[in-house]
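One chain comes next, on its own, written as structure tokens: the form predicted on its own.
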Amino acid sequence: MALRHAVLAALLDGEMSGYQLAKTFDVAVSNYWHALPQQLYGELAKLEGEGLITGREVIQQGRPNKRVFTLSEAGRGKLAEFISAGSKPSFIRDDLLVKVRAAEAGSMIDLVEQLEERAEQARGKIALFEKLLRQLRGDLDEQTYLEESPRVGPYLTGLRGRAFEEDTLRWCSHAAEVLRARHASEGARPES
């Protein structure tokens, strides 16, 4: 997957400025694709140059003008090709996991603090996903929304993001508890 596919997918939701796209990535896309705003602006320029999106300038009073982008038919075609292509297995690349693997080589208390910090971040992200999911389904219950909504992709990826963060919260809490207990038991052992 490339950034272009994530941008094209986000533009399925309608016309967006680069700023709006960055906010969308920050809230709704960050669980499966991270991109800095400058990367998004660069990708928008490339996609427009290739005819996969169209841009237009919006004149604003009292603020700088902005450009907004929409998905072109060629962009929809490119997205359809991407959807039809095979997917690679996902993997985790996380420095905190490397640190935990090497726990005995350093301060377990430092690791416990980092795990607790990550758990707190996960709690915050879970709340954001809950809010996003509520906004998407409106007054509908989840099952009705999934059966009747004309577009369920953002909801399904929101569910995955929430599940990922819930799992992160559980794992971080458990790992912190184990390391805290080991640190306490090592401190209670007599010197040999």
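Note that residue numbering begins at 1 and tracks the sequence as displayed. Quick caveat, the model's predicted, so the values are computed rather than measured.
Keep in mind that the form predicted together with the DNA is not shown, yet the notes after this line are about it.
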{"query": "Candidate from 70, 157, 39, 149 lying within 4.5 Å of the DNA in the model of the complex - any heavy atom", "finding": "39"}
{"query": "Distance check, residue 171 to the DNA in the model of the complex, heavy atom within 4.5 Å", "finding": "no"}
{"query": "Partner proximity in the model of the complex: residue 134 to the DNA, non-hydrogen atom cutoff 4.5 Å", "finding": "no"}
{"query": "Exercise: residue 88 in contact with the DNA in the model of the complex, heavy atom 4.5 Å", "finding": "yes"}
{"query": "Contact label in the model of the complex: residue 65 to the DNA, heavy atom within 4.5 Å", "finding": "yes"}
{"query": "Partner-proximal stretch of 126-134, 162-170, 140-148, 55-63 relative to the DNA in the model of the complex, 4.5 angstroms, heavy atom", "finding": "55-63"}
{"query": "Partner contacts for 93-122, taking the DNA in the model of the complex and a 4.5 Å heavy atom cut-off", "finding": "93"}
